[in-house]
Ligand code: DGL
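The chain that follows stands alone, in the form predicted on its own, written as structure tokens.
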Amino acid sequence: MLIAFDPLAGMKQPLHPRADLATRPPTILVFDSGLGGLTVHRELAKARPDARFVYCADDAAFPYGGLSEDHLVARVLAVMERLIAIHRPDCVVIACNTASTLVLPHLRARFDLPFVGTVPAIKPACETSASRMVSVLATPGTVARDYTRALIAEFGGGCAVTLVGSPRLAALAETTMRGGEADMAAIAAEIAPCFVTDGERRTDTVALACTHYPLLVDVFRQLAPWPVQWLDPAPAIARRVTQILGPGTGADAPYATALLTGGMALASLSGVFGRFGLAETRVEPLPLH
């Protein structure tokens, strides 16, 4: 069994490489509550252009921040049971910080598959900060997790870390992705607490701890009171998946499809998914119970 170092979590976890992947393209399942995981899918597709991708947006339960912890665990396990049985992935990427910080141990216990999660990039943020002042822009659920605070305690490296739990940014990102106009005033209010001064020092690095947030990074740059490094974990996730599955053949992907568990906005989202290379969009009905 190989052991890989996760550059995001700073934790060692087992990998399970498949010998037959040398002769066939892998299937990679990317899972999120909505559209945020597309930022991760984009990097994965660059790293493994030969892979068969299945992207699932659990829009029937969006946003996950509105679910209790027990309900969220039960929901993700139930949806994953169905998806794995149908699509038989070789690797699953949980492209959602809220789900990753809570559900990953349950998924790894239930399924004999490698799962790659998305956790706050506190370690690289603190390593690269020159001012030693870092902010973590996340959902309220991620901010509240003991897991997040444990990462700060272990990898903060003496940095002053400000946790900012935004209740609205994920929905604002979804709106812009669906063709709506960006609410600049609302976005500015959500990111304002990230910018902290202490004498002559000020925040110079913001870790984007929700996969929806890189969808708005150009807007963040426009609205920021001073320039900062916006740290997107997606490239590190892609490197981790490549480590698990291998570098690939460089051939064209067999196909890529997007699934919606609710499908209320199927017509408008087909175009969004198409821009990310997901040519087919369909509904995999999994209503929220």
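Everything numeric in this text was worked out from a predicted model, so none of it was measured. When you see a residue number, it is the position in the sequence shown, counting from 1.
What follows is about the form predicted together with this ligand, which we do not show.
Highlighted residues D32, C96 and A170: every one comes within 4.5 Å of this ligand in the model of the complex, counting any heavy atom.
Heavy atoms within 4.5 Å of this ligand in the model of the complex are found in exactly one of 234-242, 44-52, 61-69, 260-268, that being 61-69.
For the candidate set T139, S129, S135, T148, a heavy atom within 4.5 Å of this ligand in the model of the complex is found for exactly one residue, namely T139.
Using a 4.5 angstroms limit between non-hydrogen atoms, A121 is distant from this ligand in the model of the complex. In the model of the complex, this ligand sits within 4.5 Å of a heavy atom of C210.
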